[in-house]
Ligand SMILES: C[S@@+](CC[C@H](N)C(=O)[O-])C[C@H]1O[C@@H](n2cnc3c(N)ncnc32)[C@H](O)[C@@H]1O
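In structure tokens, the next block holds one chain alone, the form predicted alone.
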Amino acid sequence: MQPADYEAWYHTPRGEWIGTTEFSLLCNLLQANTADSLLDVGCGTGYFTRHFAQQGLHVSAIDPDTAMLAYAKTLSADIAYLQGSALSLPFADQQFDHVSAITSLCFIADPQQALHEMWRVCRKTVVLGLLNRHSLLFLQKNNRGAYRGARWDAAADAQNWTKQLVPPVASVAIRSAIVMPGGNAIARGIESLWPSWLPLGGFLAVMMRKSAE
């Protein structure tokens, strides 16, 4: 998908609703303080990166796709964008308070290695946005359109990843959103009533927090 087309989708009524709902869920899990630092891994056009910056965070971002990065820079010149791989992040240990990877880990063949790197460079929290294998969205979109080639994970997969991290994860929280992905009035009504702790939404949000030592 071309960067402009990818970004334009988030500005459609359905895309805006999905993006806003996902970001709200991530922020509730992250519990970041104003002026905390955050690295956005696999930032794409910077949609979520910009939203984190608008919350007052000091944001940096990394992505392997030069076209996506070039487009992202036209939308937010004040954010530090860098080309690089999630499998080998060019940052020091604990350089950032928080690290996010939102619907980017699903396109990485070795999610455990990428998560190991994110855990290494964070001081406090890693937050992930995953595509949920146990969802209506999976039945509708698996291997189609922009989802072609994506890996769909489950809450159990995320739990298994966390068990292999060093130092050990102090706490984990998993929530979900976008139960009915159509975005119409019925979908929005169901979403407002659906408990986010049920891991059946198309979007899985996973928070891993380090021990406060």
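Since this is a predicted model, take the numbers as computed values, not measurements. Numbering starts at 1 and runs along the sequence shown.
Keep in mind the form predicted in complex with this ligand is missing from the figure; the text below concerns it.
None of Ala72, Leu115, Ile102, Cys122 but one reaches within 4.5 angstroms of this ligand in the model of the complex through a heavy atom, and that residue is Ile102. Residue contact with this ligand in the model of the complex: Tyr10 places a heavy atom within 4.5 Å of it.
Although the partner is absent here, Phe107 is a contact residue: one of its heavy atoms lies within 4.5 angstroms of this ligand in the model of the complex. This ligand in the model of the complex is not approached by Asp153, whose heavy atoms all lie more than 4.5 angstroms from it. This ligand is not shown here, and in the model of the complex it never comes within 4.5 Å of any heavy atom of Leu39.
The chain is drawn here without this ligand; in the model of the complex, the stretch among 153-161, 31-39, 171-179, 44-52 whose residues come within 4.5 Å of it by any heavy atom is 44-52.
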